[in-house]
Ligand SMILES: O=C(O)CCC(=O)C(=O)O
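In structure tokens, the next block holds one chain alone, the form predicted alone.
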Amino acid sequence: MDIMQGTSVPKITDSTDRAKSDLAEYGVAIMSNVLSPEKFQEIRDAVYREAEGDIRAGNASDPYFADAMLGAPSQRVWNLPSRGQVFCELVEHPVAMDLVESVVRGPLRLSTFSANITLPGSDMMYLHADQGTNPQPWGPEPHGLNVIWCIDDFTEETGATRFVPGSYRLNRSATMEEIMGPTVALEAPAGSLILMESRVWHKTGANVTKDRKRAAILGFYCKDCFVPNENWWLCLSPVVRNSGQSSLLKLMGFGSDSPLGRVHGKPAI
């Protein structure tokens, strides 16, 4: 089955309604003009400041297991909400949340909010779907939505995220043969927002440049019955936990109405 036949990459749009339509048709969408130039620059500066801080502190030497096969591993910057209010606000950006809630039905959980910086010389990541750990077949609705904030230009050369158009329709992970098949780059300028539902097969592209990094913030939102990628109960800063940001904390599993993750029968606080 040629799942890529007759499919293409959606055009970039500044319409939320168009993005919702693209997600339904392609499994992905690309948006522009979501952030003001000033807010984007603040976020970009914060990402690279935290990345440099991790390097100085020796916290960037061990690659994330999913990046370990890359020629020059990407740098991951974890637990962004604990690193500044600008990231907490980005988690709940109204455009992002509107799109998440249009795709993922029912109570939500923030699985991860981290940065991935693809370094010059890095090879491609392996092809996967973000709900690949869940039992298959998956069913007609995605379990999550990946919200990707482009901190730098996403191009073929800098290692833009690559995907298999139409793969979300199969409701399963790729086979070993399919993992080696063709993919398409999701190219977008810095400041754009890429959205990808969790059944889409995708991977980090190869950064073939000599001196250009390609950073992105990855926010994955899923149904609250799944274990999050980042263990917020252990890693979230006490400053954020005591900040009174109730909707943010609920997304992370604190004070949740869910019957899961309770302590002596009560919601974790």
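Note that the coordinates shown come from a computational prediction; the quantities given were computed from them, not determined experimentally. One rule holds for the numbers: they count along the sequence shown, beginning at 1.
Although not depicted, the form predicted in complex with this ligand is the subject of the following passage.
For the options H143, H93, R83, R76, the one in contact with this ligand in the predicted bound form, meaning a heavy atom within 4.5 Å, is R76.
Exactly one listed residue, out of M125, I151, V100, L110, brings a non-hydrogen atom to within 4.5 Å of this ligand in the predicted bound form: M125.
The candidate spot formed by Q131, A174 and R199 lies out of contact with this ligand in the predicted bound form, as no residue has a heavy atom within 4.5 Å of it. Looking at T204, you'd find a heavy atom of it within 4.5 angstroms of this ligand in the predicted bound form. At the 4.5 Å threshold, heavy atoms of N116 reach this ligand in the predicted bound form. The closest heavy atom approach of L218 to this ligand in the predicted bound form falls within 4.5 Å. Contact between T161 and this ligand in the predicted bound form is found at the 4.5 Å heavy atom cutoff. Remark: of stretches 231 to 239, 46 to 54, 210 to 218, 31 to 39, the one touching this ligand in the predicted bound form is 210 to 218 (heavy atom within 4.5 Å).
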